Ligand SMILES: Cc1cc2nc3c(=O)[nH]c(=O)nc-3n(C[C@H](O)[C@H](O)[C@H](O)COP(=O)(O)OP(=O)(O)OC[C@H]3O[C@@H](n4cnc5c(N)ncnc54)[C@H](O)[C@@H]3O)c2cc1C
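Below, in structure tokens: the form predicted alone, a single chain.
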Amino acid sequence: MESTGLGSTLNANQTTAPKRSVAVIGAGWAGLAAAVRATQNGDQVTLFEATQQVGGRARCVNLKPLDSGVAGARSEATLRLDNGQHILIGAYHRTLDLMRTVGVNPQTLLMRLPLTLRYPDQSGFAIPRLPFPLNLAVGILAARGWSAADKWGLLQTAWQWQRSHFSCAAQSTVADICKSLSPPVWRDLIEPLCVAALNTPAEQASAAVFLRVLKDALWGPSGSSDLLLPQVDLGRLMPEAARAWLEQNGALLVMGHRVEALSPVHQASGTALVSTCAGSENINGWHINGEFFDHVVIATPALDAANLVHEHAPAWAAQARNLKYQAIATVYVQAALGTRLSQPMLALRTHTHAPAQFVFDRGQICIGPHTGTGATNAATPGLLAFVASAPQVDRMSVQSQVLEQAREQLNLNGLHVLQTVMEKRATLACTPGLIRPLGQVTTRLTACGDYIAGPYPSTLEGAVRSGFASL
């Protein structure tokens, strides 16, 4: 179910009795989107979350005490980092709608930059703020480090993608559709763009999904390709505001409670009874801990969802269990307090012992402390976040390799690792022919999350879209 904007107020019919009772299991971005949508529909929502924190994998984490590693400086303040550095783009319209609905202004909490993939030596690609398609043409022609032949080849390939309506064979990889591009264009643009969009190496990534993202971003409305860098921690960016909005609008949040089982309620001879053997077409609702719900939305990770529904939808559960994942590592590093990168975000050269594709200058990106929390956000000068998608080594090896990469490519020494977040199941491996489970599990039971079938890869936008579509 698509949305043209959620709006900022509830539907008028919410002044009357709720339409139905809805349980949402999981308070990540998908679950929060589902809960907000159900509340707007006039449903009575109960949101179950196994932890005491909302946001799922895109949440803030606290580091205490903050040790800057600079001249022995140390603070007792808690530093609010993120459970992995995230980036949004201007084409994430549903995510931006959700933020506005729960009272968050994206213009004040997201740094908006034209799409820029610059390297420390200032080579690379950037799209200027011009009307489409002039912006794309000027960006390609002005790219640094490419020959005239490199640029002409990219313009021709881009034109071919547009003529084919951004479609290709389902089994094609990004490498397959980019064979005509020169090595500099492949290295400086396609590889980092593919990793940023799909979190999958270009040699393995689905060309069909890559082209869909390119179509929405580069060929979309003005601003669609812009990079949106969070200027606050991910908790403040949306989840905490969504939690407050839900509570203010009558939803019940049950925190610290893991849902272990679901029981279908079947309709028989006009009387509802609990049974696990009757046909799914007769399901009248579901019981969670003995409480009846007309509809249940599962917004947990895929494996947890499979465990919940395997008795009721074994084929769906098997599909969810068979998904393959990519790891993402974010290494938070404190440099000297005067350190400032040439760009808020830089692309990095990767090789066997240089795993990070990007580095973010959080001291330059983030705004000041969030007052009243007893914690600072990540606006510390010299605080850098190195992101390595699909790393092939363990956490400690990633750390040491990133430090060496920073010395070689950024000429930074005396660095101090604050924290390394290694998410082994951060995103789906977005490979050709990937079959993802549908949002409809069985009668009155749906699922949402970035792993659910949809037009986008494992991104915040994919999660939010699936949450909206789950009801």
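Note that the coordinates shown come from a computational prediction; the quantities given were computed from them, not determined experimentally. For every residue, the number given is its place in the sequence shown, counted from 1.
The form predicted in complex with the ligand is left out here; the points below concern that form.
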{"property": "Answer range among 37 to 45, 439 to 447, 424 to 432, 400 to 408 for contact with the ligand, defined in the predicted bound form as heavy atoms within 4.5 Å", "result": "424 to 432"}
{"property": "Ala463, heavy atom within 4.5 angstroms of the ligand in the predicted bound form", "result": "yes"}
{"property": "Partner contact for Thr116 in the predicted bound form: the ligand, 4.5 angstroms, heavy atom", "result": "no"}
{"property": "Partner contact for His353 in the predicted bound form: the ligand, 4.5 angstroms, heavy atom", "result": "no"}
{"property": "Ala299 within 4.5 Å of the ligand in the predicted bound form, heavy atoms", "result": "yes"}
{"property": "Answer option from Met99, Val209, Val259, Leu246, heavy atom within 4.5 Å of the ligand in the predicted bound form", "result": "Val259"}
{"property": "Partner-contacting position among Ala317, Ile283, Ile87, Ala175 - heavy atom within 4.5 Å of the ligand in the predicted bound form", "result": "Ile87"}
{"property": "Joint contact, Trp29, Glu49 and Ala58 to the ligand in the predicted bound form, by non-hydrogen atom at 4.5 Å", "result": "yes"}
